[in-house]
Each structure stands twice: as structure tokens, then as C-alpha cells.
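Just the one chain here, the form predicted alone, laid out as C-alpha cells.
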């Protein structure tokens, strides 16, 4: 009799907790659904081929188009090109440094210097992006006497570093010790063991961390404002001011005539970030298998 009562209590408790978790999950997803729905339905009207391939329109042409009942001409091509260039440059800077630093932390986890570097990495990860932008402005923009895509890339690279370092460190820590011991026992040097055995074995998780780092910085506005400044034209000169999609969203918001483009630019950025995150999930699942 007592066993039956206990089993009934456990069943009721289990179902109650399951219902509570499901309810909280639904409540948590409601804001996300409303945000995505609002951005989608407001931005889908102007999201077309011209919006992706044309540079930012000026206020005068946009005002004429609105008065004639037409869609605002132009788009965010300058922001797309600028974001692409700065992300590529930032990745070139951050990925090698981040992987090397993460490898050092994983291989020297009990070293005092490694512990200090690990603490500094956590501190850098928690630093507000606007402070990073101001520091890069003082270190790069002022000495070079001008805003540029290079300065913007350095700011984004600094923000990407902690995520790449942590993903590399954790990926290497998950590898069995027998993998390294087997390589060393077969006569491989310590350097070749890391480069040809450990890093390739953890490449899936490391690449996932890189993609997550890219998705983390692709929506940043403050550091780009202080370093790359922005540009209304499409160009490929990395030593000149350059725009990005988040920066264009901020500029559209500050211009009452161009405010309708905020939603379309936000939708494009949201789709891009979603694509990166889905790719990271797929790569992570394949690496686990």
C-alpha cells in the first residue's frame, strides 16, 4: 500500500515538474517569437534584390520616393561589403592567436601564468564593446590619423578572441589523454602531436567556436562607430572609413526619412546571424558523431 502511494506521488511530482518546465519554456520563447515576427512582417516589404545590391540612399531621394508612394531606392550593399571585409580581417587576426592561446591554456592548465591568462580572457570577455571601441580608437585611429576598416577589424578581433580561446581550450580538454600519449609513444614530437593530432581531432568544436565568435561580433555597433565610422559608398579600401550593417541600422534610425529601412536591414542581419548559428549547430553535431 505504501509503495503504491509513493509511486503515485512520484508520478504526480514528475508530471508536475515536466508541465512546469514546458510552461516556462513556452513563456521564455514568447518574446523571441514576437521579436522575430515583428522584424519579419515589418522588414519583408523592402527586402529584395535591390536592397542587397544597392548602396545607402540619400535622404532627398528617399523623401521623393515616399511622396510618390514608392519604395525607398537603394539598400545596404555598402554595409554588407563592409561587414564582410571587417569580419574576414578580424578572423585573420583573432583565429590564429585564439587557437594558440587556447592550446597553451589546455596544455598548461596548472601553470600560474596560464591561470593568469585564463583570468584575463574572462575579464576581456566581460568588457563592454563600447570600451573596446574607445581603446582601439586611442591605439589605432588616432595614431593613424583616420578611421578605417582595419581599425574596425582590430576592435572586432579583440571581441572575438575570448570565445575562440575558450572554445579551443575546452575542445582540447575533452580529448582523451591516450590520444596524445599514443602519438608521443610512436615517436612524434610534442609540436607535431599538437599540430597533426590534437588540433585536427578537435577541429569541429574549434570551428564551431569560431562561428559563434563571428555571430557574436557581427551585430556590434559601438566599436565600429569609434573605429570604422561608416561610409555611404561601396568600396574595398581597408585603410578608409567603411560601413557595416549594424551601423547602417543605427544611421537609419536617426534619420526620420530612412527609418522604414531599419526593419529590412534588421531582418537581413537576423537571417545572417541565424544562418551562422545553425551552421555552428550542424558542425558541432557532426563533430560529436
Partner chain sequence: MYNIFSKNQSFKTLLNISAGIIPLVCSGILLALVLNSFNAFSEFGFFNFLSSKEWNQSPNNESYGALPFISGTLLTTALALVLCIPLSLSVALFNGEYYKGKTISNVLNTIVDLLAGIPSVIYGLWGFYVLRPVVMSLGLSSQGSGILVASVVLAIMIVPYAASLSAEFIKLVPKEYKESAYSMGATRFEVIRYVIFPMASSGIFSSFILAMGRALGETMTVTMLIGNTNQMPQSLLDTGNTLASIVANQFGEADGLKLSSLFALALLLFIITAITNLIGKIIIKKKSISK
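Here the rigid core means the biggest group of C-alpha atoms that line up within 1.5 Å when the two forms are laid on top of each other. Please read these numbers as outputs of a predicted model, since none were measured by experiment. Residue numbers count along the first chain shown, from 1.
There is another form of the same protein, the form predicted in complex with the partner chain; it is not shown, and what comes next is about it.
Engineer: Can you pick the one in 47, 222, 231, 238 that has a heavy atom within 4.5 Å of the partner chain in the predicted bound form?
Structural biologist: So the residue touching the partner chain in the predicted bound form, by this definition, is 222.
Engineer: Since only the chain is shown here, I'm wondering whether residue 54 would be in contact with the partner chain in the predicted bound form (any heavy atom pair within 4.5 Å).
Structural biologist: Heavy-atom contact with the partner chain at 4.5 Å: absent for residue 54.
Engineer: Report whether the minimum heavy atom distance between residue 34 and the partner chain in the predicted bound form is within 4.5 Å.
Structural biologist: Contact with the partner chain, yes.
Engineer: Quick one: is residue 207 in contact with the partner chain in the predicted bound form, heavy atoms, 4.5 Å cut-off?
Structural biologist: Result no; residue 207 lies far from the partner chain in the predicted bound form.
Engineer: Within a 4.5 Å heavy atom cut-off, is residue 165 in contact with the partner chain in the predicted bound form?
Structural biologist: Residue 165 belongs to the contact set for the partner chain.
Engineer: Across 84-101, which residues bring a heavy atom to within 4.5 Å of the partner chain in the predicted bound form?
Structural biologist: Contacts from 84-101: 97, 100, 101.
Engineer: Superposing on the rigid core, I want to see if residue 239 changes position between the shown form and the other one - specifically a Cα shift of 2 Å or more.
Structural biologist: Residue 239: C-alpha displaced by less than 2 Å between the shown form and the other one.
Engineer: Does residue 67 show a Cα shift reaching 2 Å between the shown form and the other one after rigid-core superposition?
Structural biologist: Superposed on the core, residue 67 moves its C-alpha less than 2 Å between the shown form and the other one.
Engineer: Using a superposition on the rigid core, decide whether the Cα position of residue 255 changes by 2 angstroms or more between the shown form and the other one.
Structural biologist: Where the cores coincide, residue 255 still shows a C-alpha shift between the shown form and the other one that is 2 Å or more.
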